[in-house]
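To begin, one chain is listed below as structure tokens, in the form predicted on its own.
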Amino acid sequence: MSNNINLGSSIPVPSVKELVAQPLAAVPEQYLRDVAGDCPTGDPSLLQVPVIDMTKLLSPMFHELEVQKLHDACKHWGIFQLIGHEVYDESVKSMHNKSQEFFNMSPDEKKLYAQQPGSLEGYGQAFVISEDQKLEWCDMIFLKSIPAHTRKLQFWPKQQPHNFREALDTYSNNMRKIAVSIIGFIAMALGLDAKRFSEAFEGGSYDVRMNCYPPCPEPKRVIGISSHADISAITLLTDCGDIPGLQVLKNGQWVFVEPIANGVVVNIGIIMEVVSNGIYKAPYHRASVNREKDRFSIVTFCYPDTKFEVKPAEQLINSDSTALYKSLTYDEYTQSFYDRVKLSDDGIPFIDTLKI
């Protein structure tokens, strides 16, 4: 991404964790949302997010069947859980611990890494652009991690938590390994050049967002993260525990993505929706909160290298299937999104602005 792209900024807001640390008689008005007309929550016994096994994708015996299963998951859900990826080890668990340690530090310690004017990086909340907008029940720290030269280390905790920087470096590289591998199979499922996509993500960029969702006395009246589709190519999420919170919109219902031990949630982003010419959809998803416990998660947004053009793949365009989306350079695509943030109250989804 070019240095001249304006990534916007966010207005400082109170820490939710500090808020719940005081006796809280009622949730402040700025967090309460209108739940009238909200989609219902689906029965988890009836609707479950698909599970894809990397060991089967790599196995000559099961490869073809698992690639078809992957295609169906991307086409009908836009999200799946990945198991068998072989990089979930002590380093990933270590990053989970470091993330929780960070949010449990004192307010003064965390504020050393607070977002600065003109930057989304650091500790705070994302995309708060108005004093009047509803706030999310979430504290976060957002850091650009790969390539290493894009890191703004003033936002990376240095002394406490101990070895935070080393843990995040290892974690980010682990997530890149998963992304490079699974994006190749996603391309393969579309009939595209798997090697080209894997190489684009080997040299891509990876941004990490760590989330803390404190317990809330009125969990059904707030939202951890509002409904949205990701602008990445794919997004990888790991839950730091077994508390469900991520929900995906499927058939007009919100479906909980139940945490799986050693699993990584893979979410299709808008870049891949464009590349697939709409065959795969970037699903709307959100985060709910609960009444009793903190929930922590780590999200890695995965982008291809800056030479990658965001446009429908030529192999998918023919007399029966015309291009549905514009062709943009990587920088044009990214800047168009951050320009849209200021207009988000017009109700037009970002993906619709990319259509021909």
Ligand SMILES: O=C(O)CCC(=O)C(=O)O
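In case it trips you up, residue 1 is the first one in the sequence shown, and so on. Just so we're clear, the structure is a prediction, and the values are computed from it rather than from any experiment.
Keep in mind that the form predicted in complex with the ligand is not shown, yet the notes after this line are about it.
Colleague: If contact means any heavy atom within 4.5 Å, which of 51 to 59, 23 to 31, 299 to 307, 65 to 73 contacts the ligand in the model of the complex?
Modeller: That would be 299 to 307.
Colleague: What is the one choice in Leu192, Val92, Leu237, Ile279 with a heavy atom within 4.5 Å of the ligand in the model of the complex?
Modeller: Filtering the options by heavy-atom distance leaves Leu237.
Colleague: Pick from Gln81, Asn211, Ser205, Asn174: which residue has any heavy atom within 4.5 angstroms of the ligand in the model of the complex?
Modeller: The residue in contact is Asn211.
Colleague: With the partner left out here, check for me: in the model of the complex, does some heavy atom of Glu121 sit within 4.5 Å of the ligand?
Modeller: Output for Glu121 is no: heavy atoms all beyond 4.5 Å of the ligand.
Colleague: Is there a heavy atom of Asp230 lying 4.5 Å or less from a heavy atom of the ligand in the model of the complex?
Modeller: It does: once the ligand is placed as it appears in the model of the complex, Asp230 has a heavy atom within 4.5 Å of it.
Colleague: Is it the case that Met272, even though its partner is missing from this view, gets within 4.5 Å of the ligand in the model of the complex, heavy atoms only?
Modeller: Heavy-atom contact with the ligand at 4.5 Å: absent for Met272.
Colleague: Does the ligand get within 4.5 angstroms of any non-hydrogen atom of Ala287 in the model of the complex?
Modeller: Judged by the heavy-atom cut-off of 4.5 Å, Ala287 is in contact with the ligand in the model of the complex.
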